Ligand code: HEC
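Consider the single chain below, provided in structure tokens and representing the form predicted on its own.
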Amino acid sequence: MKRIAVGSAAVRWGLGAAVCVLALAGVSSLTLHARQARTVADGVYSAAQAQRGAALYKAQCVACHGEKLEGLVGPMLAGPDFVTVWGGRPVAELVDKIQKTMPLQAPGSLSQEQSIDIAAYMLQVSNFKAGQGALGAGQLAQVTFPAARAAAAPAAGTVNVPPVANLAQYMRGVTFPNANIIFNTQLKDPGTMKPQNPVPFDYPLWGNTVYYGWQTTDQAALALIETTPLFLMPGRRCENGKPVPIQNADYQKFTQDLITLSREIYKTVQTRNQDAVAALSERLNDTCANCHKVYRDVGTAEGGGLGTDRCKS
């Protein structure tokens, strides 16, 4: 077989062609990625789509979220604060939440297409411009909200954790169960309570067999002392989407009153006197109610009926 000589010019041409092919492939890949990865500011939905969403919103969502998406019983669904909450997250998460959990009275009744239309309307009200084409299911994961502004680095020895729960969720998960332990002293002497292991097994009930009696009452009072200051945590929102009014003097006083009373309750719990603690539980109820009558979210016994404007800043 005769060997074919390959000149240096041919080698250079071959290498150059290969580099060009790779470069073109890289440019094509970057272009495709840029075309796929967009934010809601890039005109990702159509005007017709938002119009369909507006009709659906008025039929399914307005009672809880308001005529202007400002939030009533449910949170606000438009505006700078709404965008901040969703900052950096894909629109797929928003559509998924709408489809699976809304409307409140019939979750799961909206199709994915309807949920996308409602999301498009929310974007329109938040002043994100419409584009030429409709937002499709296949694009949801590639379209995100603009990234939220990074929080300042915490000072040494501090923990900078933004609030996740709204105020109602926080109280139901932390304040409410601990206050109920104090209230229960009106009915039962903690010193006589010794729960039995549950059959069949149940973790919350089992937990009551590990820490029970006056120890549980100690912990409840301490929990109220330690966690009540978080009512004033910057950035937390009410259940209706409005900022918690931490700057209001009366709200600050209501919070401080609960902290002060919780300290008194803890001191009294150390006496192991059921009647003394039960007497303070009446004051605890009044202290909570004083704030609820002014700030509790709509639709509650103390907060008033639908249409009131509670938890406002």
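Everything numeric in this text was worked out from a predicted model, so none of it was measured. Here the rigid core means the biggest group of C-alpha atoms that line up within 1.5 Å when the two forms are laid on top of each other. Just count from 1 along the sequence shown to find any residue number.
Just so you know, the form predicted together with this ligand exists too; it's not on screen, but the next bit is about it.
**Student:** Would you point out which of 125-133, 197-205, 67-75, 215-223 contains residues with a non-hydrogen atom within 4.5 Å of this ligand in the predicted bound form?
**Tutor:** Going by heavy atoms within 4.5 Å, the stretch is 67-75.
**Student:** So in the predicted bound form, is this ligand close enough to K100 to count as touching (4.5 Å, heavy atoms)?
**Tutor:** Taking the distances in the predicted bound form, the answer for K100 is no, it never comes within 4.5 Å of this ligand.
**Student:** Answer with yes or no whether A137 is in contact with this ligand in the predicted bound form, where contact means some heavy atom within 4.5 Å.
**Tutor:** Judged by the heavy-atom cut-off of 4.5 Å, A137 is well away from this ligand in the predicted bound form.
**Student:** With heavy atoms only and a cut-off of 4.5 Å, decide whether A50 touches this ligand in the predicted bound form.
**Tutor:** Heavy-atom contact with this ligand at 4.5 Å: absent for A50.
**Student:** Please tell me whether any heavy atom belonging to Q274 falls inside 4.5 Å of a heavy atom of this ligand, as the geometry stands in the predicted bound form.
**Tutor:** Result no; Q274 lies far from this ligand in the predicted bound form.
**Student:** Go through 276-291 residue by residue and record those having a heavy atom within 4.5 Å of this ligand in the predicted bound form; state none if no residue qualifies.
**Tutor:** Sequence-ordered list: L284, T287, C288, C291.
**Student:** Is there a C-alpha shift of 2 Å or more at Q215 between this form and the one not shown once the rigid core is superposed?
**Tutor:** No, the C-alpha moves less than 2 Å.
**Student:** When the two forms are laid on each other by their rigid core, does G191 show a Cα shift of 2 Å or more between this form and the one not shown?
**Tutor:** Superposed on the core, G191 moves its C-alpha less than 2 Å between this form and the one not shown.
**Student:** For a quick test of reading the superposition: does R283 move by 2 Å or more at the CA between this form and the one not shown, rigid core aligned?
**Tutor:** Not so; R283 is displaced by less than 2 Å.
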